[in-house]
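First comes one chain, alone, set out as structure tokens in the form predicted alone.
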Amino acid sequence: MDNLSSTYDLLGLSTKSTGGKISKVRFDNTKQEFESNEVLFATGSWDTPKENTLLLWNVEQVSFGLGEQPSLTFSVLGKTTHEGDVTDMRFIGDNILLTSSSNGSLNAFQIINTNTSDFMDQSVGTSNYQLQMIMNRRLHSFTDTKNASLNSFAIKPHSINDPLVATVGEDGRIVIVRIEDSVKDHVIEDADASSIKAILWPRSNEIILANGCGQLRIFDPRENKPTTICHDCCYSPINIRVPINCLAFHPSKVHKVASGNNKGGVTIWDTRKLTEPEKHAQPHNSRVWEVFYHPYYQELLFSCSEDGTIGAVNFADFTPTFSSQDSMNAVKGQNVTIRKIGFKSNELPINSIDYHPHSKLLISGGDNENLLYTLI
């Protein structure tokens, strides 16, 4: 990780064609029955003329010796259609992939090893697995006839054997369901008057939302009103609220939350004292679509943006500054190391990123119809 401690510059990304715009990319980090040398991940598409797709991928690394970068080989293992744009995605136990859709639905797909090759278009790779839909539930809508996008979902901690899922969407509602139950467990009808963009469920009694008005809202899922509300105004000298698009919680400190906003900023919050943000940096010049903490170097925050780059912000050397003219300087601080990762011919949005710690593979996808990846 020493190569991320230098000053602001641009590293390169390699590419792999996918044949469509990518909205989400996620590694499978669950315990599974697949071969141990396989690194599996999935991609979901959006804005596809005919139909959106889910692809299940495998990536293999071949090492050439000490000091040499390994060679990466990508293969498509399975493919299925997806109704609506893929808005969120996560692998859970028992070889199940959960997705959410712009049509307001929560979907579950069983990953099945078929050892056949006749169900998939061979032009996108070899086929060893089938993605079989086992659940499709329409949870978000404005009216009985008008769907609302389901933008994000989160799973209650320690409920992986019988997952309890909280979903949020454009309709401003929180819907809590069990995957294997056809009845909604709980609905908070007026969780927000605006669109809810992202959700976290870090503790059993705490749900965190981010909305299009630049607010963080904390709910106790047993209640129908937020217990805390805070605003992201860090990017602006006149404290104008800016929409928050994404959230991520710290790998070992669940009270530490990161967010990304519409003006290219990333912010660190402490949910125990949400009077104001804790830290802030500006790795991008346009909307931030996703953020995540490095699982081992936990002061390192990655982000991807509409500006076509990935940001790596190192908050380890963050030093608050204080000024009588600008109280937000203490949040913005000094000595924040920002490194930009990009592909020099790409000016299209990068919509999603994920990291596989064992293989040290950072992967992303966006509107240029390619996987963008590098080893870190």
Partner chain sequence: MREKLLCDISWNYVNAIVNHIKSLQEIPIKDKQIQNEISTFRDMMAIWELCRIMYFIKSERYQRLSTDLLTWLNECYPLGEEELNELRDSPNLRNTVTFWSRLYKLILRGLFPQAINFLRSIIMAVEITSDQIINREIIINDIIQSVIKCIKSRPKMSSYDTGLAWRNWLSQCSQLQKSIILENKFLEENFIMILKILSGDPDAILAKSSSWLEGLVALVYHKYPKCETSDVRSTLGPVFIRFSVHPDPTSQALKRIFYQRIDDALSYCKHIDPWLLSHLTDLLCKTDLDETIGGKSLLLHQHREGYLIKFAEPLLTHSTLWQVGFKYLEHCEKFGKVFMEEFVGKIPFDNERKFEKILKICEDNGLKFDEKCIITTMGTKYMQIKRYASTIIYYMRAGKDESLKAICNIFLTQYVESGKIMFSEVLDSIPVDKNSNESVNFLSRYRLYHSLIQDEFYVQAAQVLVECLRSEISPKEFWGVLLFHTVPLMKLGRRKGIKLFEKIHIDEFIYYCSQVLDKRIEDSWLKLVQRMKRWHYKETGYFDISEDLNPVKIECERYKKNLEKNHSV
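Positions refer to the first chain, counted from 1. All figures in this text were calculated on a predicted structure; none of them were measured in a lab.
Same protein, other form: the form predicted together with its partner chain, not shown, and the subject of what follows.
At least one heavy atom of Cys213 is located within 4.5 Å of its partner chain in the predicted complex. Heavy atoms of Arg287 reach within 4.5 Å of its partner chain in the predicted complex, making it an interface residue. Taking the partner from the other structure, its partner chain in the predicted complex has a heavy atom within 4.5 Å of a heavy atom of Gly172. Put simply, Ser105 is far from its partner chain in the predicted complex: not one heavy atom of it is within 4.5 Å. For the candidate spot formed by Gly44, Arg203 and Asp220, no residue has a non-hydrogen atom within 4.5 angstroms of its partner chain in the predicted complex.
Of the candidate stretches 249-257, 157-165, 143-151, 270-278, only 143-151 has residues whose heavy atoms lie within 4.5 Å of its partner chain in the predicted complex.
The partner is absent here, but in the predicted complex a heavy atom of Asn262, alone among Thr228, Thr114, Gln298, Asn262, sits within 4.5 Å of its partner chain. With the partner removed from view, the residue among Arg137, Arg241, Arg178, His294 that has a non-hydrogen atom within 4.5 Å of its partner chain in the predicted complex turns out to be Arg241.
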